[in-house]
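Shown next as structure tokens: one chain only, the form predicted on its own.
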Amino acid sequence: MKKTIIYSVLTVTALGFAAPIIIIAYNSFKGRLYITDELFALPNDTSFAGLSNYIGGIEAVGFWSALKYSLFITVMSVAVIVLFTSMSAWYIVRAGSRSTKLIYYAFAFSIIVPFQMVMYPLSKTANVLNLDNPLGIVIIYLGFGAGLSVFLYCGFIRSIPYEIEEAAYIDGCSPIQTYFRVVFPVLRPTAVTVAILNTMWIWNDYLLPYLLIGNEYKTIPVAVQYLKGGYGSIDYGYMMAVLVLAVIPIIVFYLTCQKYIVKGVIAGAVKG
């Protein structure tokens, strides 16, 4: 009886979280007038619009261009975060000096700093340093993603026996060779977790791309807002279709990799 109650509660909760996505999905096949008047009604012979919303939405927002920039920024940012934060965490843990402890606490403190506190000086600094482009924003994402990533990596590295690395040094490996041949393969569970969490964040991020790269290099979240016409009018059919196209890649990615999240977070929470 207890398990039945728990599963029932979790099922209702899951449906509650999935409901907005389901509503958006079936409304993307309805005409714009029927969406506003009959939001929760399923498409019928009268309201069904076929793929016209998808075709029109793709053309209206320049979807393929936005997809290109979203993919580039997300893939590059995640790759940079996974590589450089793991190297930083390895040095912080293995050096174990007072200065590296201060660096670790600085990374940990950056997790709690809200973006709204630094967004205006950040946008000005990015403009002065010519970072207001798809390549420059990758560096900025590295800065914002480093805190949580270093925290997770440090927790996992503390659980790795140092004798493994000593054996590599004895066999003639340099520190760089030891990292790539011994340390990084062992970090794979946490690396996958860091990649998943940062991919979901960067792909769905609106405010940072909007402030830094704006109209010239529109990502998908930024492009969606351009469906708003004069006097605040919105073609909800186009918007629903574009939102479905934007959500599908990240849902597929998450469902494919979700099994690694809990494993990696638990591994990264180990205290040395």
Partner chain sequence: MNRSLKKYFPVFLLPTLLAFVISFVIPFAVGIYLSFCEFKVITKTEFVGFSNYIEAFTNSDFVNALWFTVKFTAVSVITVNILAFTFAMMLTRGLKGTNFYRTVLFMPNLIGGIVLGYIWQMIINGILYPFQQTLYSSADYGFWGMVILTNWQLVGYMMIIYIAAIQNIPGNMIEAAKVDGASSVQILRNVTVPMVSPAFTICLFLTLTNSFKMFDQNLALTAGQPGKETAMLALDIFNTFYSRIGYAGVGQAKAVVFFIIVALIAGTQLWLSRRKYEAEV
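Residue numbers count along the first chain shown, from 1. For the two forms, the rigid core is made up of the largest set of C-alpha atoms that agree within 1.5 Å on superposition. As the structure is a computational prediction, the values presented were derived from the model and not from experiment.
Although it is not shown, the form predicted together with its partner chain is what the next lines describe.
**Q** Even though its partner chain is not shown here, does it sit in the predicted bound form so that 6, 90 and 243 each have a heavy atom within 4.5 Å?
**A** Spot residues vs its partner chain: full contact, yes.
**Q** Of 200, 192, 75, 168, which residue is found within 4.5 angstroms of its partner chain in the predicted bound form when only non-hydrogen atoms are counted?
**A** Looking at the other structure, the residue within range turns out to be 200.
**Q** Of 47, 65, 204, 52, which one comes within 4.5 Å of its partner chain in the predicted bound form, counting heavy atoms only?
**A** That would be 204.
**Q** Given that the partner is absent here, does residue 114 sit within 4.5 Å of its partner chain in the predicted bound form, heavy atoms only?
**A** Yes - in the predicted bound form, heavy atoms of residue 114 and its partner chain come within 4.5 Å of each other.
**Q** Quick one: does residue 234 come within 4.5 Å of its partner chain in the predicted bound form, counting heavy atoms only?
**A** Residue 234 belongs to the contact set for its partner chain.
**Q** For residue 211, is any heavy atom within 4.5 Å of its partner chain in the predicted bound form, or not?
**A** Yes - in the predicted bound form, heavy atoms of residue 211 and its partner chain come within 4.5 Å of each other.
**Q** Please check if residue 37 has a heavy atom lying within 4.5 Å of any heavy atom of its partner chain in the predicted bound form.
**A** Output for residue 37 is yes: heavy atoms within 4.5 Å of its partner chain.
**Q** From first to last in sequence, which residues of 138 to 162 have any non-hydrogen atom within 4.5 angstroms of its partner chain in the predicted bound form?
**A** Those in contact are 139, 140, 142, 143, 144, 146, 162.
**Q** So with the core overlaid, does the Cα of residue 40 end up 2 Å or more away between this form and the one not shown?
**A** Indeed, residue 40 is displaced by 2 Å or more.
**Q** On a rigid core superposition, would residue 26 pass a 2 Å threshold for CA movement between this form and the one not shown?
**A** Yes, because once the rigid core is superposed, the C-alpha of residue 26 moves 2 Å or more between this form and the one not shown.
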